[in-house]
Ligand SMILES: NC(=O)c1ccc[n+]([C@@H]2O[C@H](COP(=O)([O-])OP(=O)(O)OC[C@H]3O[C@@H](n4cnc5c(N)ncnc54)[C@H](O)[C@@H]3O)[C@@H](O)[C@H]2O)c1
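Shown next as structure tokens: one chain only, the form predicted on its own.
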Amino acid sequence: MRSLEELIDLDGKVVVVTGAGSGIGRGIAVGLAGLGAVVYGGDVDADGLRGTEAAAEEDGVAVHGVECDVAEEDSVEALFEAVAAGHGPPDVAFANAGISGPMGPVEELSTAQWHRVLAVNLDGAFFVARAAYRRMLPRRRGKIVLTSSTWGLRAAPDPGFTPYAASKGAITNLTRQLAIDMATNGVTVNAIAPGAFHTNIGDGFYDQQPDAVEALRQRTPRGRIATPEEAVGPAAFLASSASDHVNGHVLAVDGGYLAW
């Protein structure tokens, strides 16, 4: 019987986290680095990446920041080439980068706005998963974790999140399909579905819309908005050997939001 430390051992594991410049991505990147992983963080926001690197340094660890626009497949390939050049192929990849897009009435939503959300959230997740899988194939092992949302498992209770909810719903089923496609080659694919986490999504939604945030808090049985650091435990589980036989699962980290 392996010990808990052996089950969750990430020491030396090469981990890639996109969307690492802020929010849940930053929390996961810094948190897993603190557990001994070699972490590469990708983000389109160079200033955000520097902030993540600084946060890791404050904790006595390192996150290697690489600028990356997940909506551009060449940029994603360049991220994974940088990882390979520095530390070899990834053991774990978190396709976490995402945007909320505009919040407003459907009739005012432009086609360009719709496409942009899908490009970042859905295309980006696929590009990251594909790039990671290509590099995991020779060793026939690896773990890929996508970021869905509670609103990828049910509709948002308020209007205005149509592109976001649609893209996250697609992520949920992309997770399941990739899990089937990749399992025979030793790679598992799972997802985290966050509920209300205090991040900068929605152009400051959590800071600028207190009434909406309060309503969301009241819908959450635990009665509060989570911090990005609270995603580290679920991420560590899905990145470690503790989850070796977990495949195609969407793990809600929502304080009970979906239990209503």
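Residues carry their position along the shown sequence, with the first being 1. Because the structure is predicted, anything quoted here is derived from the model rather than measured.
Note that the form predicted in complex with this ligand isn't included here; everything after this is about it.
Chemist: Does each of Ile24, Asp45 and Pro194 have at least one heavy atom within 4.5 Å of this ligand in the predicted complex?
Modeler: Judged in the predicted complex, Ile24, Asp45 and Pro194 all sit within 4.5 Å of this ligand.
Chemist: Is it the case that Ser148, even though its partner is missing from this view, gets within 4.5 Å of this ligand in the predicted complex, heavy atoms only?
Modeler: The answer is yes: Ser148 has a heavy atom within 4.5 Å of this ligand.
Chemist: Heavy atoms within 4.5 Å of this ligand in the predicted complex: does Cys68 have any?
Modeler: Taking the distances in the predicted complex, the answer for Cys68 is yes, it comes within 4.5 Å of this ligand.
Chemist: Does the 4.5 Å heavy atom contact test between Ala132 and this ligand in the predicted complex come out positive?
Modeler: Taking the distances in the predicted complex, the answer for Ala132 is no, it never comes within 4.5 Å of this ligand.
Chemist: Phe80: heavy atom within 4.5 Å of this ligand in the predicted complex?
Modeler: Because no heavy atom of Phe80 falls inside 4.5 Å of this ligand in the predicted complex, the answer is no.
Chemist: Tell me, out of Arg154, Arg116, His87, Arg141, which residue has a non-hydrogen atom within 4.5 angstroms of this ligand in the predicted complex.
Modeler: Contact check passes for Arg116.
Chemist: So which of Ala165, Val120, Leu174, Met136 gets a non-hydrogen atom within 4.5 Å of this ligand in the predicted complex?
Modeler: Partner contact (heavy atom, 4.5 Å) among the options: Val120.
Chemist: Just one stretch in 174 to 182, 154 to 162, 91 to 99, 104 to 112 has heavy atoms within 4.5 Å of this ligand in the predicted complex, so which one is it?
Modeler: Looking at the partner contacts, the answer comes out as 91 to 99.
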